[in-house]
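Let's start with one chain on its own, the form predicted alone, as structure tokens.
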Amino acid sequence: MAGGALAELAKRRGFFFGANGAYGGTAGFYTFGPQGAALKRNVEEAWRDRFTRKEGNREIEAPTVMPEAVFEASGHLDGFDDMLVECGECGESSRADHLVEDATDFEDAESLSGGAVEDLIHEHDVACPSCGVALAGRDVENFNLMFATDIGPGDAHPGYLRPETAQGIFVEFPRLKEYARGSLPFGITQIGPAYRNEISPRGGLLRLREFTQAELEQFIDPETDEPPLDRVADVDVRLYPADEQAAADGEYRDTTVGEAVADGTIGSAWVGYYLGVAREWYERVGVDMDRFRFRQHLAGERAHYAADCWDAESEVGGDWIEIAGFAYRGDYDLSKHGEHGDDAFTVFKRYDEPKTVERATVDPDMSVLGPEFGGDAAAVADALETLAGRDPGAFEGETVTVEIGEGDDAETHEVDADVANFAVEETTENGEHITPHVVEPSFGVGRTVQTLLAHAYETDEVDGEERTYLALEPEVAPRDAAVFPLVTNDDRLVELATRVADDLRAAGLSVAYDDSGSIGRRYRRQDEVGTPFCVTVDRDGIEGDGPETVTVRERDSAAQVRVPVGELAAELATLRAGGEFVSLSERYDSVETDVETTTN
């Protein structure tokens, strides 16, 4: 489906549209309309079902604004940048790596240095997309994507809108580990908004300044915890490894999760496990598996702390877009917050049996250090303690040399060994404090929504007329069903249709009621927004001595069966949960009708 057709459908049928249109619009911000908001919520709930409930994880909801210190610790203030180039003629700022990708066959300019991108801009005569003036010779600069704000009156407490939901999980780890009773592994999920001040938003929901993420942070003991890989070992995956991307004739590797982990294509068993889980989930919600792949990050793309990274990508409008990322983040995040924060970002790992170990200790005589070193005495004592743990042999001579301070301010001091009171003691330990490693699957909800709409867009012919419909899975479709009276000039049909709609809503189903226009046009309207089932109340269903019945029409096939009203809610709930419409055809009478073209 072409991008223009998708954008037109999305706006016309209330899926999504540019925000603040009455004031000229604001690039990078979109409003989800009634259909889109429902579809988005259903995608989020399907993700929550798979990655929270079925994995036995816990979900939190952290603030979207966090103090500056959080992002100093995480590294976002120093390294959360995109490449910007500014036109010397019109002043328009553009994402430099995207301009290179659009003008060349280079797919991953983001992995290059700024200098390399400048060279490509010159080599390929890349021009400003706004005014057409050549950008050769313009500097490519780093632009930090963080949205800044102030917390409270004045500017004494700077803060930032979070660029990812993950930091809210990492910051709260000291308390979250208590809820998990300090036992690894455990996972924490979060679904919510994130904010990035994109240089040049584009592509509908693909690159926004406000977007929704669904993230899981899996905390593990890297020495002992293994994923339940057998659950997904046989899941088929299409992989695009880094070495194949670099090769002139690189190809996909169609394999299974188990084989890819065993042969080292996927470097982490935990990452492999979540690739398998994600592949099954994407198929469940309706992503076309012929237009889906996992692409490994190139060396220049991968964060320095990440041992292995893969993106789930879908093909939309002829382009491959990232819709999720899977990273083995090691202990980077918790270690950084442990260094900067005022709490413990470790867990206590209990040994199977107590261990007797030798520990080097010092007990500096402060009555000597105080007069000798004055204000530096406490720092000298701390340095002695650190040195004892790192190099006990340093205390074998008559004096001990320690260094306090850093850089140009560093000072060296000598301390008499007997003043340090060095000793080696035997102690019995029941365990040790370790910093967990983190495995992170991170999903873009809006990008998933756009992928589902693009992959669900279908056209066919019904009763000699061309039809456009969205073949959305019932689980994520904005509505579960629509209810129509066949005609509106029969009060009996209108009364029963109204009652049926109310009963289905009371049963927890999302139902539309439509009595406007011909029945065929009503079907077409519901087909175009992806409603999987339409319920029609006709005279055949209310006449006779038997129970009241209605016809249930399946969207994709336009086939219909007659179902008793008393069984309708249960049958639709079963279909929404993944049941097959063919099972209704086997248990209920099929309906041959020309109502698709009947008028009131």
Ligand code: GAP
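Quick note: we count residues from 1 along the sequence shown, nothing fancier. Owing to the predicted nature of the structure, the values given are computational and were not obtained by experimental measurement.
Just so you know, the form predicted in complex with the ligand exists too; it's not on screen, but the next bit is about it.
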property: Option touching the ligand, based on a heavy atom within 4.5 Å in the predicted complex, out of G317, G267, G325, G75; result: G325
property: The single option of R138, R295, H337, R207 touching the ligand in the predicted complex, heavy atom within 4.5 Å; result: R207
property: Heavy atom contact within 4.5 Å of the ligand in the predicted complex, the stretch among 176 to 184, 428 to 436, 360 to 368, 325 to 333; result: 325 to 333
property: Contact test in the predicted complex: S442 vs the ligand, heavy atoms, 4.5 Å; result: yes
property: The ligand contact at A166 in the predicted complex, heavy atom, 4.5 Å; result: yes
property: Distance check, Q190 to the ligand in the predicted complex, heavy atom within 4.5 Å; result: no
property: The ligand contact at F211 in the predicted complex, heavy atom, 4.5 Å; result: yes
property: Contacts with the ligand in the predicted complex - residues in 173 to 202 whose heavy atoms fall within 4.5 Å; result: R196, E198
